[in-house]
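Shown next are two forms of a single protein chain, provided one at a time as structure tokens under the names structure 1 and structure 2.
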Structure 1
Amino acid sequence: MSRASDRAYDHIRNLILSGELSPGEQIREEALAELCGVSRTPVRDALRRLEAELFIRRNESQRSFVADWSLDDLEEAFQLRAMLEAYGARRAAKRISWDQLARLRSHNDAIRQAITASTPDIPKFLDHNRQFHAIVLEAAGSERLSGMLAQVIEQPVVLRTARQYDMENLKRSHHEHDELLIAFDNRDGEWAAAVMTGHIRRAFHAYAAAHSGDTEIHRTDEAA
């Protein structure tokens, strides 16, 4: 896309993900414009996109705030994600190409290397994990589905999830990917969907366990 608008988008998104903008905090277009070194026009553009992706909320009088999700909201996001990714896996099983299968295998190999190293390489795990899921989605071949999953996968709190993985969960994740590959090999959509459902739900419970002490049950504004 356009340069300034994209820079603003990335910049603001990073500010949110890094926590420099805290959940519930109000956002002013001009302040962001200065931070990003662009005018308000591309900032407004970026805010619209981030709003569509639920990173940002707007109250009734158009003021913007960093979205702030409760644990309940988050569990629901995981449920939707499980449902949508399972659907994607079902479609992918019927459509995936040899090339895509090979790429999946390669990423899952990289994941294995990342977690069997003397000190687990979490960033590497996260990167290949992300690409693995992206390829499944690509094989599913549905733009609509891709758009919907974007709304549900990349939420700030969700993104932090994998960093909470303990060794046990990292290994399970790898093995679930393996099982998904076998389901794909057999073009068994139902199997693939079932594996994917479990995969995402396990990730949720890993998150919930890691965050059981958190007190993030407050929201900024209400919706009808």
Structure 2
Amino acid sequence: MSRASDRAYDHIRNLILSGELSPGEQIREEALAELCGVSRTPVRDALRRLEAELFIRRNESQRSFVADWSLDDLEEAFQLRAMLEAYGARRAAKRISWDQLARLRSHNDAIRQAITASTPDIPKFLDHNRQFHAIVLEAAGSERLSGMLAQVIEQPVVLRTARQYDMENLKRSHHEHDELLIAFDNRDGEWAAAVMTGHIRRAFHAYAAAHSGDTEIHRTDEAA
């Protein structure tokens, strides 16, 4: 894969993850080529990769669109993520270093600061939450697991879920991280896996509640 294709892939993927390209929006190769500063060939290569990763879908006329997942699709993604991250937490409990534990505590302290601010700092929460989970995966020490998790579309959902969190859910997320750290301190893989499973399942139900609310709003708008 050429550097131009990699650059296009990273750029388009970031546009999708940030929400600048919305679910259901049509992908226009010419506009993306201009945005990425490459020709259309690298853009096509990038779109093929993104389609394989389920970020993009094609219709019968071969037009490309940003994937718009149903709630059932998203529940499956959360279930897969829960299984994979629980496995990672179980492995990490037996392998995690003192340095990795210290870094986890540092990120969770930053999460606490973000959610206890006068106005919760959601971007800061997201950044340190992402790094917290990345360190757990690093501690698990499995390239195969990393590759599998990379295929689970998660970040746009995490962003939308976090924006819907009330203070209770933000605090629960932080406290679940605290409990995971205690499980790691005790090198208890089963405890760590159980905490991680509950952590991801709770996130799904927060997302599902927000999704149901959006659906009801949309239906009300249609009826108006």
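Residue indices: 1-based, along structure 1. Everything numeric here is computed off the predicted structure, so don't read it as measured data. Definition used throughout: the rigid core is the maximal C-alpha set that superposes within 1.5 Å between two forms.
Which depiction, structure 1 or structure 2, is to be taken as the form predicted in complex with the DNA?
That would be structure 1, which is the form predicted in complex with the DNA.
Looking at the two rigid parts that move between the two structures, do Gln79 and Ala4 belong to the same one?
For Gln79 and Ala4, the answer is no, because the two are assigned to different rigid parts.
Rounded to the nearest whole degree, what rotation separates the positions of the smaller rigid part between the two structures?
Rotation of the smaller segment between the two structures is 24 degrees.
With the core fitted, just quote the Cα shift at Asn59 between the two structures, in angstrom to one decimal.
Here Asn59 registers a C-alpha shift of 6.4 Å.
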